[in-house]
Structures are given as C-alpha cells and as structure tokens.
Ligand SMILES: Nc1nc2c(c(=O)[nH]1)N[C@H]1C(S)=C(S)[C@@H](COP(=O)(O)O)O[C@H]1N2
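In the form predicted on its own, a lone chain appears below as structure tokens.
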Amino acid sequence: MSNELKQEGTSFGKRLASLHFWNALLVSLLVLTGLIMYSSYWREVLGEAKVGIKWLHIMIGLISFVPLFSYLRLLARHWKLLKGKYWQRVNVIVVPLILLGWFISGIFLWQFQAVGPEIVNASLLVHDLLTWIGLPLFIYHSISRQSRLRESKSPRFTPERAQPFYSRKAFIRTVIGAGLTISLGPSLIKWISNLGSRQEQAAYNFLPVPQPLPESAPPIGGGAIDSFRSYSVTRLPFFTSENWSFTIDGLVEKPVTWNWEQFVALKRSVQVSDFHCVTGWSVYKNTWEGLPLKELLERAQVKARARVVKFHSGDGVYTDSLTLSQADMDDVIVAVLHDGKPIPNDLGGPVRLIIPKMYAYKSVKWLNRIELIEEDHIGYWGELGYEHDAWITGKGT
C-alpha cells in the first residue's frame, strides 16, 4: 500500500480519536454539572453559584454539538470501514442519536418559557432517560473505540500513530470517582449530620392540625399527578406551632400577626391547579387549601401608595414579589394543605404561596410574612437573571 494511503489512514484515525476524546470530555462535564444541579445537597451548599453551574451546563451542551457535527461528516467513510462489523455499525448509529437527543431536549429545557410546560415535561423525560440509559453505552463506546483505534492492525487506519489523548484506566477512574464524590459523598455527609434530628424533622410539629374541608378530603382534583422535587437555597428551616407566626405589615392600615392556632382558624377555600418548575418538571391537578391572597390583603387594608406585595420566606433569605394587580388574581393562594394533608417541611410547609399562572420560583416556601411596599422588589432568583414576571407560556395577563 502506498505511503499516501497510509498517511491518509493515519490522519483519519487521528481525527476519529480526537473526536472521541472531545465527546467523552464534554459529556463527562455535562454529567458532573448535571449531578451537581440535581443534588439537593449541592443546591444548598452552592446557593447563588448554582446559576453559574446551570449556565456552564448549558454552554457545554451547546459546544458538544461541534464534535457531534464533525463526526456526522465522517460517518459515511467510517461506515465503509466497518463493513461486516454489525455491532460496531449499530454503535455508530445509536451513539450519535443519543447525543443528538441530549442536545435537542436540552435546547427545549433551556428555552422553557418559549415552548411551554408540556414540551418541557417531555424533554425532561427524554433527557433523563437518555442519561441513565445512554451514558453507560456512551462511556463504553468512547473507551472501546479508543482501544480499537490503538490496537487495530488495519493498514488503512495505522492507528499506532494515532495515540489517544488519555488512557483508558485514567478516564474511568476520573469520571467514576468524580461522579461518586459529587452524588454519593454529600448524601452520606448529610445522612450522618441528620442522624440526631431526623425523627424531629420528619414529624409534623404543628398543633392543632388543620382539618381539611370536604372538597380537600378526598381532593376534588382527584389527587396530584406526578411528584414534587425538593429545592432550597438554604438549609431547610425548622418551625413548630410554638415558634411560628404569620405577619402582614408595611403599607397597610391594619398590620396583623397571627400565631399558628389563630392562622388555621381563618376561613379557607379550595382550588385545583397545576404546578410548573423551570427545571422541566410539573405536578398536575393539585388540590390546595388555604387563604386567597386578595382576601388577606383586604383584611389588612392596603394603603393607597402601596404598589408591590413582597413575600418573605422563613429561611431568612428568600424573597419575591407581585404587583398589586397580580396579587389580585383569584387563584393566588396562601396554602396550608395539599390534597387534604398538611404541607411537609421540604415542600415549603407549614404555609407556602401558590401562584398557578407563574413558574414555581415565585411561589415562596415557608411563607411567614407579607409586606406591602411602594418601590419595586426583585426577588432572589430575579436578581440572578431569572424573569421577574415568571409567566408560564400563554398564562400571562
């Protein structure tokens, strides 16, 4: 075989080796940043830095299309070289499809407000499914291709000159070690630190227990569809009926503070609504029971110069706000029961805000204070780049 053909084969082998390296590196970074975003421990530890991790994840995802597109240009030639190798041909079709699926579903998750909750929910399902099923295949494919490129005896490939950028063992140790450290390490630390207080934290520490209205038990919505994921920017606050209170103050004629017994004695109403998170998941047909926000504000008699309703979380950090016209929507509710049961601490109980027409970061957890103010107020996530008016697609007014 001529030297020119050998050189061409060497060049092609090097290009394939390089593309496998960059694919492996980028997907590994996507997995590690994805684990950090998924872990409740890291969300609490990182706080505001979580936004940076999210944008890093998005940027890596966008960059990952470059080696994928480059490989698709080489696919026809690679396919010919694999003549008679059935399973290797299956791999060179399946792996790019998985990568393309990750990329497309990731774009939809990124552009959640443009596409709406239904498409985002489906995209999250596809993204997760491809991660848990496709990732082991991808890692195996990347490593095995590197090994074959190094060990093949084909004169057209001459891969002995196309040395890999990384060793097989080093790659496996790095990815698996980092993944276990990020995902399992914090969980173990958190489990050990909570051993002494787990029973106390799990208990519902509010007496009297609010008794559900007939519409809540059984829930008129039929029961929530899908499940919640617990997010927090701080360690979970802990309250009991002895140290909890609820205040409405600021620019009101009649500021008021209730203790727990007084608050649960107030007249409540029931609504059925959907709950959408910007990370892509939703819980449908929730039956919430609580106090309509507009009725609470009427009770406090808002002063004429007030323009904004500011909400304070009991964690001492999180805040958000609505304009008075937004707060006047009939379905904005200060909830104390979900599907006829008390709201657990990790989901924002005993009392949380529910704004069905907006994404869930506006629905403040552990709500214990409402303040009427004159100036605009940008909430916790709004200051970090999220939309201040978090309207769900087609829901804005």
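The first residue of the sequence shown is number 1, and the count goes up from there. Since we're looking at a predicted model, the values are computed, not measured.
A second form of this protein, the form predicted in complex with the ligand, is not displayed here; the remarks below concern that form.
S.K.: I need the one stretch from 245-253, 69-77, 263-271, 221-229 whose residues put non-hydrogen atoms within 4.5 angstroms of the ligand in the predicted complex.
M.R.: The contacting stretch here is 221-229.
S.K.: Check, residue by residue, if 57, 65 and 103 all come within 4.5 Å of the ligand in the predicted complex, counting heavy atoms only.
M.R.: No: none of 57, 65 and 103 comes within 4.5 Å of the ligand in the predicted complex.
S.K.: So in the predicted complex, does any heavy atom of residue 49 sit within 4.5 Å of the ligand?
M.R.: Contact with the ligand, no.
S.K.: Though only this chain appears here, would residue 123 touch the ligand in the predicted complex if you measure heavy atom gaps against 4.5 Å?
M.R.: Result no; residue 123 lies far from the ligand in the predicted complex.
S.K.: I'd like to know if residue 98 sits close to the ligand in the predicted complex, meaning any non-hydrogen atom pair within 4.5 angstroms.
M.R.: Flag for residue 98 set to no.
S.K.: Is there a heavy atom of residue 313 lying 4.5 Å or less from a heavy atom of the ligand in the predicted complex?
M.R.: Residue 313 belongs to the contact set for the ligand.
S.K.: Considering 258, 281, 284, 108, which brings a non-hydrogen atom within 4.5 Å of the ligand in the predicted complex?
M.R.: After the contact test, the surviving option is 281.
S.K.: Report the residue, out of 291, 233, 302, 217, that has at least one non-hydrogen atom within 4.5 angstroms of the ligand in the predicted complex.
M.R.: Flagged contact: 233.
S.K.: Could you run down 267-287 and flag each residue that has a heavy atom within 4.5 Å of the ligand in the predicted complex?
M.R.: Result: 275, 277, 281.
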